[in-house]
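Just the one chain here, laid out as structure tokens, in the form predicted alone.
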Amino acid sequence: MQSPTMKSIIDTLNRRFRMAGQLQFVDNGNGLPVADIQTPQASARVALQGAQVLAWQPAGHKPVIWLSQAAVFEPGQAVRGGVPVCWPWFGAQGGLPAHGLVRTRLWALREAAMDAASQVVLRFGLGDDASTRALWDFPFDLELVVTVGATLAMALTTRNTGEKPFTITQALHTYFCVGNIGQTSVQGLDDTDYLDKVQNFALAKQSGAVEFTGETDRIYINTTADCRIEDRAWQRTLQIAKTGSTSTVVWNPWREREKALPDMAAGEYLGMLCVETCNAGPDQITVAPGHAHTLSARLSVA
């Protein structure tokens, strides 16, 4: 049964932001509010926890964003799949929460609108408080703008509202649906250096397209290039354009690593691939007081 608090949150969101037949807010069944978008251009779902895109499917196409069948939907728990926002650090950070402070927090929806191209635009925000400063002692304002249409655009803006510079790593940790990982490749990273996590972060150089025959976990560094996922099983190309990013992470856990992930069902690695728009590893961003940085990704299907 929906709690009175959750019903109040959902009612308030719908009263302020609902667009008849296009945008409504629902309880996903586990006490977490979700924006449900249905337009002639696309369908999508975005959770207010983490401002996390959970689904996007442009009209006439198969789903683009992958979500595990075993994903856990509980307040304060990370959700396996979608587009988690990793910030202000990417990966492990010595006893602190993996992938940062914000992917399990409830963000505020600051604005919902329809733009001139009939796309639904959601603007989420999050600021520092005592709980964030206990882990990362800097004032900030973080905003994610999600634009849903025939393309999916995400723009993450970090504002330094304090008096000291701070340095961050970050990612739009995007999980993609693919027909079969063995018939999938990533273009756009040829001749790019990468750190291979599977080989203890050994430095290597990419030659040709990225192909998949086993566990893959790489941070491609010093690259501003757009990428393309060639999904041969589903006969499509997923295009990833980016700005404000100097690294790209490519990840698939493969069979053995998947077994260690309780929030992935057996065999799901065959149908997913992460290509993440990042500033990660040695690619870090320093934001001066009063300044801002925007990391953005635009996804499309061809």
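Only a predicted model underlies this, so the values are computations on that prediction, with no experimental measurement involved. Numbering starts at 1 and runs along the sequence shown.
Another form, the form predicted together with a small molecule, is not on view; read the next lines as being about it.
> Does the trio F176, E258 and A265 actually contact the small molecule in the model of the complex, every residue with a heavy atom within 4.5 Å?
No, the whole trio is out of contact, none within 4.5 Å by any heavy atom.
> Choose one stretch from 24-32, 38-46, 243-251, 64-72: the one whose residues place a heavy atom within 4.5 angstroms of the small molecule in the model of the complex.
Contact criterion met by 243-251 only.
> Just to confirm, with a 4.5 Å cut-off on non-hydrogen atoms, which of A209, A108, A98, A202 contacts the small molecule in the model of the complex?
Of the candidates A209, A108, A98, A202, A98 is the one lying within 4.5 Å of the small molecule in the model of the complex.
> With the small molecule left out of view, which of R123, R228, R80, R159 would have a heavy atom within 4.5 Å of it in the model of the complex?
Partner contact (heavy atom, 4.5 Å) among the options: R80.
> Hey, in the model of the complex, is F90 touching the small molecule, heavy atoms inside 4.5 Å?
Yes, F90 lies within 4.5 Å of the small molecule in the model of the complex.
> Contact between E143 and the small molecule in the model of the complex at 4.5 Å, heavy atoms?
So E143 does not count as contacting the small molecule.
> Answer for D217 alone: is it within 4.5 Å of the small molecule in the model of the complex, judged on heavy atom distances?
Looking in the model of the complex, residue contacts with the small molecule include D217, since a heavy atom lies within 4.5 Å.
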